[in-house]
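This document starts with two versions of one protein chain, written out as structure tokens and named structure 1 and structure 2.
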Structure 1
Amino acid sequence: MSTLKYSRQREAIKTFLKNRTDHPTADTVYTCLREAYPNISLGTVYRNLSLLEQLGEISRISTGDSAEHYDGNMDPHQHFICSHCHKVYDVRIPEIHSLLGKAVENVPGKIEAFHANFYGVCHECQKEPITLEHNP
């Protein structure tokens, strides 16, 4: 097993995620960090996002959108994913965690994580005027 060494880039990725309340994709992390680290590599971003996830410092949200999203907030919470603008909102239903004890019996393995996603159209997108799908 390889020992972990410090890296400025990894630290930046981690603090970047911890300071965001939205749930950026790898590409967003990359684009934003390039301002402070102009020659950070996209591969480095992906490599460290995976690593940080394995270490349990961040979590990966599979939204069904084409790209994965990342969340620096490890407090137990849920997500609402807008199927129109693809934004990921935080949701808090504390009661849901009391069920996890019951889940243990009904599940064919050892639970390491629990993700609960709500899907729908967010209020912002509902406000928007109706647009034609195909403009001539």
Structure 2
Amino acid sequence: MSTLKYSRQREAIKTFLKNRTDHPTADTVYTCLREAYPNISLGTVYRNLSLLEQLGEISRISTGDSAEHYDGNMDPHQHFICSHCHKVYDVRIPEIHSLLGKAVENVPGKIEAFHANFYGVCHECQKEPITLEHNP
């Protein structure tokens, strides 16, 4: 097994995500890191996000919009995803592990991991007036 070569840009991406709770997209990571690393490319950001995910150092969250979101917090937690604005919020429900116990009793195999996401409309989007699209 070969050792992964150190990369300042990869470490910067990992550190950037660890200090965020807003689950940024690759474009956001790229835009924010360009200030410190003007020569960084969007391709480099995507490659390193993919590698960090494969290494289990970050996670990728699909929200239903076209962009993937990234989470540097690998502590056990769940997510609430707004179906309107696609923002991702951390949720901590310690009791969710009792659900895992029930699943273990009822699945035809060995559970190696699970992810719990909750979907709905966030408080900010609930405040927005409802607009109906009008097609002439």
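For numbering, take structure 1's sequence and count from 1. Only the largest set of C-alpha atoms that superpose within 1.5 Å between the two forms is called the rigid core. Because the structure is predicted, anything quoted here is derived from the model rather than measured.
Here the chain taken from the form predicted together with another copy of the chain appears as structure 1, while structure 2 comes from elsewhere. Relative to the superposed rigid core, S98 undergoes a CA displacement of at least 2 Å between the two structures. Comparing the forms between the two structures, the C-alpha position of I111 differs by 2 angstroms or more, with the core used for superposition.
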